[in-house]
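Take a look at this single chain, the form predicted on its own, given in structure tokens.
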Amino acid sequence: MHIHKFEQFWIKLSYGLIAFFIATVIYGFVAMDLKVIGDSGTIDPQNLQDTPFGNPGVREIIKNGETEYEVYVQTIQFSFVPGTAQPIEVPANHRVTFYITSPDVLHGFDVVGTNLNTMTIPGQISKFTTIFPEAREYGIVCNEYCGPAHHVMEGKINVVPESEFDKSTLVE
């Protein structure tokens, strides 16, 4: 069977691109330790008041002798609680784990200028952990269309120096 030289070129190029994309994904997961944000549990979106999401905010925990912080956030049409009316405040250079859920519709939680980004699905808890290396203000936006006022859904994370972190704002 005769295959024209241009067809051979495009077939080889296609196989080469497929191999390149597969190698890129494998390299990212193995060498760069990238992880897919997975399902961190399920929750009844109609009964969040009996869970840590009923009193959302920043909590301090001691883990392996280190002070860490957990942030419980509800994404509600069209705000982040906390985040929109009251910024999320966390100290710099501490491990911060975000737990995010939605009681109503699909939302996004994108920390602008970083690679922190997750989808919030009603009934599921999204979780990711980070360390903010410096004090600064970060914006939060919803990057999943969630309704007619989606474009105004935004919030803030204030990362402050540890010496300026006000622990009286922590929730129990």
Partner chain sequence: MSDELSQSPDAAGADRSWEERNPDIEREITIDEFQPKGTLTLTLIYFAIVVLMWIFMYFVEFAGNAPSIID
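Definition used throughout: the rigid core is the maximal C-alpha set that superposes within 1.5 Å between two forms. Numbering follows the first chain given and starts at 1. Quick caveat: nothing in here was measured; it's all calculated off a predicted structure.
Another form exists, predicted in complex with the partner chain; not displayed. Remarks below refer to it.
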| item | value |
| --- | --- |
| Selected contact from T114, Q46, T42, N55, since only one has a non-hydrogen atom within 4.5 angstroms of the partner chain in the model of the complex | T114 |
| Options 121-129, 141-149, 99-107, 47-55; stretch whose heavy atom lies within 4.5 Å of the partner chain in the model of the complex | 121-129 |
| Exercise: S163 in contact with the partner chain in the model of the complex, heavy atom 4.5 Å | no |
| Contact of K5 with the partner chain in the model of the complex (heavy atom, 4.5 Å) | yes |
| Non-hydrogen atom contact I62 with the partner chain in the model of the complex at 4.5 angstroms | no |
| C-alpha of V152 moved at least 2 Å between the shown form and the other one on rigid core | no |
| Flag for S14, CA shift 2 Å or larger between the shown form and the other one after aligning core | yes |
